[in-house]
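Take a look at this single chain, the form predicted on its own, given in structure tokens.
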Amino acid sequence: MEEIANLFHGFAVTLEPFNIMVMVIGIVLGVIIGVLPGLGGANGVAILLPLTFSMPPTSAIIMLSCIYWGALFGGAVTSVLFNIPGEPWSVATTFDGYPMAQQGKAGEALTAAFTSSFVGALFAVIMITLVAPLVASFALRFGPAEKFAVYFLAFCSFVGLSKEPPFKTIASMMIGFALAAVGLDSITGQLRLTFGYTELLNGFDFLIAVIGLFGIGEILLTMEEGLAFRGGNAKIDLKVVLRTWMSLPRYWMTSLRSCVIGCWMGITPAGATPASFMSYGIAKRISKNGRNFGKGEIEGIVAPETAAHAAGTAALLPMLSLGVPGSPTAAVLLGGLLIWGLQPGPMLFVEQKEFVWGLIASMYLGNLVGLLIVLTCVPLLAAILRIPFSIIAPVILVLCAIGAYSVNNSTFDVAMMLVFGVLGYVLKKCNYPLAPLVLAIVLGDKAEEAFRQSLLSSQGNLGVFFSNGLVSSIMVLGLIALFWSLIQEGFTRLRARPAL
């Protein structure tokens, strides 16, 4: 009952006029970011993060999270109308969305995509409402060893459960750890890797790194590819919406299965993209219309969109309750919370109840507002893609530069943003994932501090990480996640072995 009372208080906070205004602005900006291929939720949140510095923390996180919801919605528009995935997790939507648009059913495809996205997000938000306080109260028992074990689990999950090659994931993560080590040592106070630059005494600013890696890196990559937008028009009227809504309940089993897949993939840091592909693949295998997938089957839109939104929303659960982000965007939001002086984790539910429950309430309202906006603004969103990329790219670059400069009013930060942009471009060209690098920059120094505090308290004995049932179980889960692909391969070989 206490959680319900807190949630209603959160709704009272979210329904303040200023918060409603920033919610709508965030959704609109997010949808535009989702429509523009290459930007993405993490990039958009990183670029627009400086705009929130003058806002109260609750209003700021509502705006940033609504940018994320909007980006999740917007990615479907380009996938259906132009066969261009606005987001990585929208790739699976193109398989059936674009064929439907070619058949003159763009309205039905977009309505199905937007509604499925809303359902997936709603399922995940209800799960966060029910589960997050329990996880947070449990996590209050954590000391330095338990905190390090949670970080260890997060790092191992990125290596073992990711679809990326383990070597590339580890290499990307190691670059992040090296960048996180720059500046003053939090334990001894010694300088590390500053090379005489006083600007690096506090290390690399997380926001500068993210704007460069995601924003500048993506622009450089898109400029090289010479991206041009081509596609058809679409409009959605009330008849199309109602007719599509009438047909969607028959796919309730697909929606429920996709919600569960998405929530699981979001809590483990696998992310929305694997969730959408896994959900699409399972739906294709199980559905009685499986042979029609890829030819314009509406179920082929419901499955990936539901899973992607559920995963994208569920990624905020470990970020809020444990301080461990479940996705690149959650990592950027985590950085925002730290900038505002808030420490994500179990104490957030004790010390900042208004903030946490205001954010959770905004998830309900933000997704509802997002659904209404995208259903009514599809023709306008499609028209954005008629703007030449040669105009859009300089605007984004200017926004990135302003955002980087505004952090510390320093031109050094703008230069470092460009350096990170080149690094992001090189890593993407070489197919190295950026998410592990961002995770290591955000959590690297915290993991190091927890590790060293644990060793100081145990006088250098590594057995402290297996000293009780709680920390031992988390460490074992981390090791299982790290070697999961090898464990799966072993099981496969055992099954393939002929019976004696």
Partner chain sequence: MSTQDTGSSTGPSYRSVEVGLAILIMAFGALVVAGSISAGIRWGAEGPKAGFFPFYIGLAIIISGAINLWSGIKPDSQGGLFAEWGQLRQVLSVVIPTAIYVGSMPFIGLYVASIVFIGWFMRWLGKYSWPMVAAVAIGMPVFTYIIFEKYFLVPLPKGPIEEWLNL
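In this text, the rigid core denotes the largest set of C-alpha atoms whose superposition between the two forms falls within 1.5 Å. Owing to the predicted nature of the structure, the values given are computational and were not obtained by experimental measurement. Numbering follows the first chain given and starts at 1.
The same protein also exists as the form predicted together with the partner chain; that form is not shown, yet it is the one meant from here on.
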The partner chain in the predicted bound form: contacting segment from 246-254, 290-298, 421-429, 109-117, heavy atom within 4.5 Å | 421-429
Report yes if any heavy atom of Phe177 sits within 4.5 Å of a heavy atom of the partner chain in the predicted bound form; otherwise report no.
-> yes
Heavy atom to heavy atom, is Gln459 within 4.5 Å of the partner chain in the predicted bound form?
-> yes
Would Met55 count as a contact of the partner chain in the predicted bound form, using a 4.5 angstroms cut-off between non-hydrogen atoms?
-> no
Flag Thr198 as yes or no: does it have a non-hydrogen atom within 4.5 angstroms of any non-hydrogen atom of the partner chain in the predicted bound form?
-> no
Only hit among Leu368, Val395, Leu130, Leu242 for heavy atom within 4.5 Å of the partner chain in the predicted bound form is Val395
Of these, Ala181, Leu338, Ile126, Leu348, which has a heavy atom no more than 4.5 Å from the partner chain in the predicted bound form?
-> Ala181
Residues from 435-455 in contact with the partner chain (non-hydrogen atom within 4.5 Å) in the predicted bound form | Glu448, Phe451, Arg452, Leu455
Residue shift check between this form and the one not shown, rigid core fit, Met416 Cα at least 2 Å = yes
Is Phe114 one of the residues whose Cα moves 2 Å or more between this form and the one not shown, with the core superposed?
-> no
Does superposing the core leave Val464 with a CA shift of 2 Å or more between this form and the one not shown?
-> yes
Mind checking the CA-CA distance of Ile396 and Ser362 in the predicted bound form? It differs by 3 Å or more from this form, so is it closer or farther?
-> farther
Tell me whether Leu64 and Phe420 end up closer or farther apart in the predicted bound form, going by their C-alpha atoms; the shift is 3 Å or more.
-> farther
